[in-house]
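This document opens with one chain alone, in structure tokens, the form predicted alone.
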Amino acid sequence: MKALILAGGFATRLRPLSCARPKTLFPIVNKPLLQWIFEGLAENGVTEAILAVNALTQFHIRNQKPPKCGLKVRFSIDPPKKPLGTGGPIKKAQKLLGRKEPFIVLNGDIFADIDYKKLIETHNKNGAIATMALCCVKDPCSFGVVELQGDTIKRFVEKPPKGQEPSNLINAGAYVLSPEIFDYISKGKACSIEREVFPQLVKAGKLVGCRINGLWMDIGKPQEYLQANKTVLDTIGSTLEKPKPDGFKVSHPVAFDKGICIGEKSLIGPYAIIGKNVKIGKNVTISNSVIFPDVEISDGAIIEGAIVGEGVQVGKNAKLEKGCIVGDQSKIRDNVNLNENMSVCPAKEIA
């Protein structure tokens, strides 16, 4: 079984963090999102993953080299200056996917615990052209929403106006598609599979839904990304190695990567996710935050509800308040206070 991962977007809503990395390489509890995706696919019997990406994303993935988890990994590169939408990359990858058997397609910006075997069984049982993973959410108007009758999707509305949603069941961004799907997508042209292809399949009675019950999160916005880290930490926290405080205090749950150094009288947690080789000074407080690798945090700094990019330097007694985002390689000088929801572009110095 093959899987196509749609990862060609530029993650503009996650700037300034996405200025230096694609969304698929954002760490979720110190592990790249792409690695989580690979692990889920491998556990469900997938043997080959094809990444539909732009050339820059391909470069970043090859440079970082996330573990492939036993999968054969290949790339399908979007044409430069010509985005293909969500359907065009599927058509472009046709030769790699083949026309012999159904395949999985999933969005590369979703963290989800999906039973792909159940998805495939539902697809085969119904003789569908497309089977869509579905999950329930409280506010469905930002997603594709379905009206389900048995397994068959009778209505599909992409991002309906608030109050006009046919249900609270949404498109979870994962599908099983039969090779006939290629006949619905024009070659070399941008295509929205949600707006152009799925409505045709609804009319033909060939679009099927399969409810998923596991964890599902969109990480398209900074606060969603931060919340995803906290939710996953709640889920797997008991399996993580518990740090042994030596002169500092820990309030669980926390996640520590390798090579971390923490000064005395610092308080780490709850919900502090600390990346590789981070150096933390004395009397530092970090909570509800994600700290990327190679960050240096000086004495007396306070970080509460922030995301701190790779290689950032935080000065003495600096304070990063809720919603702050600091881009890679930036410098926050001594005694600087970043108020709520402030963003710092990569390599900037704030004094």
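Counting begins at 1, following the sequence as shown. These figures come from a predicted structure and were not determined experimentally.
Separately, the form predicted together with a small molecule exists; it is not shown, and the next lines address it.
For the chain shown alone, Lys159 is a contact residue for the small molecule in the predicted complex, at least one non-hydrogen atom being within 4.5 angstroms. Although the partner is absent here, Trp216 sits close enough that one of its heavy atoms falls within 4.5 Å of the small molecule in the predicted complex. For Leu6, a non-hydrogen atom is located within 4.5 Å of the small molecule in the predicted complex, even though that partner is not displayed. At the 4.5 Å threshold, heavy atoms of Arg21 stay clear of the small molecule in the predicted complex, well away from it. Per the 4.5 Å heavy atom criterion, the small molecule in the predicted complex is contacted by stretch 170 to 178, the sole one of 117 to 125, 170 to 178, 95 to 103, 244 to 252. Taken together, the three residues Gly85, Ile110 and Gly144 all lie with some non-hydrogen atom within 4.5 angstroms of the small molecule in the predicted complex. Between the options Leu34, Ala301, Ile325, Ala52, the residue in contact with the small molecule in the predicted complex by a heavy atom within 4.5 angstroms is Ala52. Proximity to the small molecule in the predicted complex, defined as a heavy atom within 4.5 Å, singles out one entry of Glu194, Asp151, Glu165, Asp257, which is Glu194.
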